[in-house]
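The chain below stands alone and is given in structure tokens; this is the form predicted on its own.
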Amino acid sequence: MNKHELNHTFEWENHRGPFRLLDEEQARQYDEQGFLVFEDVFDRETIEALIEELDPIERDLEKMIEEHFGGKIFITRSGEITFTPHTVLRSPKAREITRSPFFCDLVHDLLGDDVRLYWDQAVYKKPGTADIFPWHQDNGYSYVEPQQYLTCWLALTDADEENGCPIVLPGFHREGTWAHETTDLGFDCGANPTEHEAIAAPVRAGSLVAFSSLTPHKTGPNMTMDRIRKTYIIQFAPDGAEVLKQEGTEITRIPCDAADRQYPILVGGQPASDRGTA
């Protein structure tokens, strides 16, 4: 794998307490392997209420793509896999979960005292989807500085190796963002690990995998015939983070502070009120 053209001087920053949620062993694992699994974070009622709001939003997206884009737009493929972004704009439950005490404590421990929501999306992998989602780093899609932000992969339905749970490649996050190639299935960082290097992370509904934006990961096919693998992806970044776009020698910096959807989670270490403003 080759480094991203903007990744020049990256150095991984290890995490030190005091922690609100993590213990020392979890902090060490995150620094060494780039991911953590948290079981049963949200109860069944909370997850069902979130699904009830996300399902119609996902159906609207899929219908629009079928009617106006021939069933495919970027990495969303109707009937196979859908990526429904910015659900916090339409789902009060999604917005509530992003501000939950669990996430407030987690982002404090891994990102610091001042944190914003960076991105959120529902990802539904439909039964019989034969293709994998390729090895990639989240920071390979849009290059964010600081590179070291946080992705939380919240299972809305049970996710296992049969229907496409996350598979992570530990250790490589410490080297920063890698170059990615655009493919029909999604960006690909060119990882080619052995089965012993990659770690599958199956999680029950209500559980989640938290990993660095720099941790290479993929999901496998959904080989079931009757189970939609439903996931809610929530990403958090330090306040002041920017997306960098390079054209030739010119670099444009775009602040990650859209008032309606990149709202504060922590301000000065304390939970931010849900005002929807920057």
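Just so we're clear, the structure is a prediction, and the values are computed from it rather than from any experiment. A residue's number is simply how far along the shown sequence it sits, counting from 1.
Same protein, other form: the form predicted in complex with a small molecule, not shown, and the subject of what follows.
- Candidate site formed by Thr84, Arg95 and Gln262: none of these residues places a non-hydrogen atom within 4.5 angstroms of the small molecule in the predicted bound form.
- Taking the partner from elsewhere, Val123 is found to have a heavy atom lying within 4.5 Å of the small molecule in the predicted bound form.
- The closest non-hydrogen atom of Ile228 lies beyond 4.5 Å of the small molecule in the predicted bound form.
- Interface membership of Asn222, defined by any non-hydrogen atom within 4.5 Å of the small molecule in the predicted bound form, is ruled out.
- Although the partner is absent here, His136 lies within 4.5 Å of the small molecule in the predicted bound form, judged by heavy atoms.
- This chain is drawn without the small molecule; in the predicted bound form, the residue among Leu61, Ile51, Val37, Ile233 with a heavy atom within 4.5 Å of it is Ile233.
- Between the options Trp153, Phe172, Tyr118, Phe103, the residue in contact with the small molecule in the predicted bound form by a heavy atom within 4.5 angstroms is Trp153.
- Screening 95-103, 136-144, 199-207, 180-188 for residues having heavy atoms within 4.5 Å of the small molecule in the predicted bound form returns a single hit, 136-144.
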